[in-house]
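Encoded as structure tokens, the following chain is the form predicted alone, with no partner shown.
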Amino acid sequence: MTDATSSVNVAAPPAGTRAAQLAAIEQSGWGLRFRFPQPHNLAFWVYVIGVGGGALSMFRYFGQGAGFYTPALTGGALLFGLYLVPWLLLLRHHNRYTAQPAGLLAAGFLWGGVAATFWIALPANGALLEIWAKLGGTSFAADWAAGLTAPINEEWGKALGLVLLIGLAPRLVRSAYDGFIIGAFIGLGFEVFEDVLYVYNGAAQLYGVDQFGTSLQMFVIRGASGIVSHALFSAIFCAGLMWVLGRTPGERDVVRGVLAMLAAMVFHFAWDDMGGLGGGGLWAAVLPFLIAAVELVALFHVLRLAARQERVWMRDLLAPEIGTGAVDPPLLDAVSGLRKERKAYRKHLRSRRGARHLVEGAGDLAHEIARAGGADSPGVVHARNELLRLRATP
């Protein structure tokens, strides 16, 4: 067993490998802290005004009948609060490369839930819906107005949060993968707060009859459809926006970015105008499942493309560790690879549990290296020795 408090004597890594490691630390921003209060930064004040304005609008909206509809609001808040748990576990799993700070992700969630929903979407949607009704008539508006309104106002409203977070943390928000993860948190915030809004509206439409039953019914309907809703739309849209902005050397791809953003808006349109597209009959019953399947395929395709740069950084960060013996080539392939590489590593070790611990340990070592700026800090030494101990354990 290796002593977890002592360093390992190793030869210096090749100059090219070391240079690639330092470049990955500089370009990725891994290990940097997120500082929210930035009074000198315009992005900070726009964010504060947006969330503050959204909070004021939210309290005014719910305040009209908060007393009478307390059971519905309480039920909605509790149910959709619980709904967050599996989502957060899923996003934590997919945040395996960059490991964005919790404060940054919370800021994204709050923007999506409060500012994008109540400061931007609520008034903007109302105005645009009236325009579509005047232009096309009530029948046209009933079939198509929602899908022609929400993808424009809501996707750009949510993405404004990503732009502000770039202004607040320019070195932390660099790659398309950063946009994907932060966009998912912004969309999740929008989704949960909008769902509570729907619970309130549903209770109001029934004049307060069976309020908790209304909350439960809305939770089942919105919770099921939420799997392929705002979190998915925003993850794809914000990844596309990051490709357009090209904040990482060599990652800019305007065509791919625009296509991703358009795809998110088309998915949003299709979901909101399902009634108009379906037209009734068997097709209307099949269409939601077909659209959901297409959305999920697109989501995983975008995720795979967006993670490419992060996987290169992970490899560059850990490549010098081959010289320490903490990492070997199969482990390097697994920790910087996709599911296929991790599966191959499990077969290589003949131990699912052992492979998972080693991949997690290598990821921890990468983040300690980034946090230390490439130096041999106590955190790096500890993570390295822990990895050596795991590798020595049969």
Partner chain sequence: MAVRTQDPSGERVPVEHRFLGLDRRTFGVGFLVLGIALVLIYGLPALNAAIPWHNEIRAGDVLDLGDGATAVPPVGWQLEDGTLTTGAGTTPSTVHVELASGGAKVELRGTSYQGSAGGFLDQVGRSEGDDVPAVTGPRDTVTTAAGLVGVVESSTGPGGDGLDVAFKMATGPAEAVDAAPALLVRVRTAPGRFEDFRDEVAALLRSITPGDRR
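Numbering follows the first chain given and starts at 1. Values in this document were obtained by computation on a predicted structure and should not be read as measured data.
Absent from the display: the form predicted in complex with its partner chain. The rest refers to it.
**Q** Heavy atom within 4.5 Å of its partner chain in the predicted bound form: which of Gly167, Gly278, Gly81, Gly213?
**A** Contact check passes for Gly167.
**Q** Considering its partner chain in the predicted bound form, which of Arg35, Arg342, His348, His357 comes within 4.5 Å of it through any heavy atom?
**A** Comparing distances to its partner chain in the predicted bound form, the residue within 4.5 Å is Arg35.
**Q** Picking from 189 to 197, 67 to 75, 312 to 320, 83 to 91, which part of the chain touches its partner chain in the predicted bound form when contact means heavy atoms within 4.5 Å?
**A** Of the options given, it is 67 to 75.
**Q** Since only the chain is shown here, I'm wondering whether Val209 would be in contact with its partner chain in the predicted bound form (any heavy atom pair within 4.5 Å).
**A** Judged by the heavy-atom cut-off of 4.5 Å, Val209 is in contact with its partner chain in the predicted bound form.
**Q** Please check if Trp45 has a heavy atom lying within 4.5 Å of any heavy atom of its partner chain in the predicted bound form.
**A** Trp45: contacts its partner chain in the predicted bound form.
**Q** Could you tell me if Ala127 has a non-hydrogen atom within 4.5 Å of its partner chain in the predicted bound form?
**A** Heavy-atom contact with its partner chain at 4.5 Å: present for Ala127.
**Q** Answer for Val220 alone: is it within 4.5 Å of its partner chain in the predicted bound form, judged on heavy atom distances?
**A** No, Val220 is distant from the partner.
**Q** Since the partner isn't included here, can you check whether its partner chain sits close to all of Val327, Pro330 and Val381 in the predicted bound form (heavy atom within 4.5 Å for each)?
**A** Zero of three within 4.5 Å in the predicted bound form.
**Q** Are there residues in 115 to 140 with a heavy atom within 4.5 Å of its partner chain in the predicted bound form, and which are they, in order?
**A** Result: Trp119, Ile120, Pro123, Ala124, Ala127, Leu128, Glu130, Ile131, Ala133, Lys134, Leu135, Gly137, Thr138, Ser139.
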